[in-house]
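First, one chain by itself in structure tokens, the form predicted on its own.
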């Protein structure tokens, strides 16, 4: 057993919080901690999404770390209001502020007391020290806390559902909205950073990029008929859907990322149930084409050995999909907490899979060195492992910082699954071609 983590297979919890806040219209994130935390998170988000991203900080110093960060927090909120004029400010704590015990709720009360009758944005807050979670848990906890602090129930709205998305790309979020609209459902999708993190070319700089879910719409989540919640691998206490079920009795459908026939069927069937409609023919045609693709490429895939790593929700869904197309998932690895992949452990198809939880990239690399694999599926941080093992890396998840197009990557739904399927198949064909002494033009 190792005493230290080397090159963790996850990122910091406030990064997940910042991503959720980017999904709220006219919102600015404030990290209660050092400037280095905000810089580190901006670096990763900008490298992945290739968009300008501002994250404010309460700018801890040695003095603040000893005597508390109340004045810094209040001043940072004032600075953000004066600079950005936001509708919403999203505060997330960091390791340092949590360690010294700053009470954010009390600090915000003091801020409102000093502010008096002056117009103030909605201020949301969440506790996200990285020693109690990863960027994934930070994402889902912040989503839960925002809903818990804002959702109210007045009068239920017929045929309206909530969709609480996961760590999807902007293209995948747009796909979710299009799919739900095809079932004639009114949908509140949150967080929605499909525009804020994948915008167009501006004629002038926008301090806060346009897009996101308006806070007034988020308030209305308490009036939905049901929630679809993509926090399948997370604990109930950080599930936004479970929060609304507990407060208002709104049914929650916890589901995995819809990748592959099995998990897509579950997602589309849920939408059909909630809408009272049959699944539209366009999606059934996409399903038929996907199955046809499975048949066409089966000879290239059967019996290949894959290592999947990264976000536990993505690892779970991708592993189910790979088993479906005849690829053996020989190792499934995540930096998520113990038992975050319990859903795989209970499935017969993964009885011989080495499942690594709360692991780092050194663990994944050691596994690959001592075992045979044909392909890696995960983020760009597996590039070194793939190069050393001389096997392909299919980049998906977060972060992808050595290729462009991460924001436009769509691997969900039947159509998105077909994109992932083709990438995997072609990577294995290319690997086979490159290993041959004779260059066969037809495979």
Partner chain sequence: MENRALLKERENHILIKESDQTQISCEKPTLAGAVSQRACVFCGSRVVLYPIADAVHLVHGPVGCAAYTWDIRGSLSSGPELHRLSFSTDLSEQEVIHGGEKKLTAALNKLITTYRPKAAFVYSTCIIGIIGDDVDAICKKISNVYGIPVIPVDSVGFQGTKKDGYAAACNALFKIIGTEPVTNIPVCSINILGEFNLAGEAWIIKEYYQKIGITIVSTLTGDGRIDEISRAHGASLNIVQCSGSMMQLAKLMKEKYGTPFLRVSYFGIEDVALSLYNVADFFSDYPEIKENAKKLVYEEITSRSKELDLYKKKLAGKKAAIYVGEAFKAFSLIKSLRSLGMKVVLAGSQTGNTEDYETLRELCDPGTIIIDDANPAELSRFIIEKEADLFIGGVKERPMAMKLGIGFCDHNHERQIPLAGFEGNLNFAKEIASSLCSPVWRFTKKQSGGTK
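Numbering follows the first chain given and starts at 1. Model, not experiment: these values are computed from the prediction.
From this point on, the text means the form predicted in complex with its partner chain, which you will not see here.
K.L.:
Just to be sure I understand the contacts: of 116, 249, 303, 200, which is the one whose heavy atoms reach within 4.5 angstroms of its partner chain in the predicted complex?
P.N.:
If I apply the 4.5 Å criterion carefully, the residue I get is 200.
K.L.:
Looking in the predicted complex, any heavy atom of residue 321 within 4.5 Å of its partner chain?
P.N.:
So residue 321 does not count as contacting its partner chain.
K.L.:
Indicate whether residue 152 is a 4.5 Å heavy atom neighbour of its partner chain in the predicted complex.
P.N.:
Contact with its partner chain, no.
K.L.:
Is the gap between residue 76 and its partner chain in the predicted complex 4.5 Å or less for some heavy atom pair?
P.N.:
Answer yes; at least one heavy atom of residue 76 falls within 4.5 Å of its partner chain in the predicted complex.
K.L.:
Report whether the minimum heavy atom distance between residue 60 and its partner chain in the predicted complex is within 4.5 Å.
P.N.:
So residue 60 counts as contacting its partner chain.
K.L.:
Counting only non-hydrogen atoms and a 4.5 Å threshold, tell me whether 65, 72 and 361 all contact its partner chain in the predicted complex.
P.N.:
Verified in the predicted complex; spot residues all in contact, yes.
K.L.:
Of 82-90, 108-116, 169-177, 283-291, which is the one stretch near its partner chain in the predicted complex, taking non-hydrogen atoms within 4.5 angstroms as near?
P.N.:
That would be 82-90.
K.L.:
Counting only non-hydrogen atoms and a 4.5 Å cut-off, give the residues of 240-277 close to its partner chain in the predicted complex.
P.N.:
The stretch does not touch the partner at all.
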